[in-house]
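Only one chain is included here, represented as structure tokens and corresponding to the form predicted on its own.
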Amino acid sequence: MDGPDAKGLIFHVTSVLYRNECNIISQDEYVSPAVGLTEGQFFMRTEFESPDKLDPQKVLKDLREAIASPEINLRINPKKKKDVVILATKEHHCLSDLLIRYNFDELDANILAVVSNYNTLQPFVSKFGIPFHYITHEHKTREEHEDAILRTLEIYQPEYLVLAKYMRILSPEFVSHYPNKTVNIHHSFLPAFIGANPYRQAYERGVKIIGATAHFVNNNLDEGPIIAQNVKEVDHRYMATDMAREGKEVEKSVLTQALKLVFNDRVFIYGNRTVVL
């Protein structure tokens, strides 16, 4: 639940759940500071057990009647694995980490397919019995290439897209098909070290930390709402290759952390920020 802060919101939610014979397991809430005449924004995530006969639509109706505010967003998300499609290019480290976690049921997701603009990773993906779609960008405009990808995604109807080092810039038209449903990972040097060879640039500048950022994709390149970040300290002993190796490890862990938060419905998007409960 999220919306403008008001008195009694927690009371109304817990009362409705109680009347519907639900048992609250955990609850977390946050109110953003009020700015000027703008009231604070209220966020709450409640995890609960319910009787088998529970009708989620009835609970939502009861909640809306109790809260009586059209500005409050209410959602009931059944606990289930999310259906995802992964987009990748040539780098394997993030993709392989996700596939191995998926193989051992550690991802809270169903990986329906992998889509790539190169066939480099197809032999590896095939070991997991996951469909691999090679959709080349050669001799295609960006629009033609993205249309081909969208036609493939239509087959699977994923809830989320995961960009596992997918080295193509997505157009606003493509992003509009999956608003706030596409998660990307990149090295956190952006925008300080943009373009090719960011770790070489970082080495030449003598940076003291390297890291990674996972974020939702929007129309501004690498500037969507941030989900998770982490860093690792480095020093003058690290060559560019050492930084790249360590950076890949951070990228893998940050992407997994972000996806677990998203797939467990813990992330609220507010403007260009996230609230994680």
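The shown structure was predicted, so the numbers you read here are calculated from the model rather than taken from an experiment. Residue numbers run from 1 along the displayed sequence.
Only in words, not in the display: the form predicted together with a further copy of the same chain, which the text now covers.
Contact between Q157 and a further copy of the same chain in the predicted complex at 4.5 Å, heavy atoms?
-> Taking the distances in the predicted complex, the answer for Q157 is no, it never comes within 4.5 Å of a further copy of the same chain.
Tell me, yes or no, whether G224 is in contact with a further copy of the same chain in the predicted complex, where a contact means a heavy atom of each within 4.5 Å.
-> Judged by the heavy-atom cut-off of 4.5 Å, G224 is in contact with a further copy of the same chain in the predicted complex.
Proximity of L107 to a further copy of the same chain in the predicted complex, heavy atoms at 4.5 Å | L107: no contact with a further copy of the same chain in the predicted complex.
Close approach of H92 to a further copy of the same chain in the predicted complex, 4.5 Å, heavy atom = Heavy-atom contact with a further copy of the same chain at 4.5 Å: present for H92.
So which residues in 234-257, when you check a further copy of the same chain in the predicted complex, have a heavy atom no farther than 4.5 Å from it?
-> Contacts from 234-257: H236, R237, M239, R245, E246, E249, K252.
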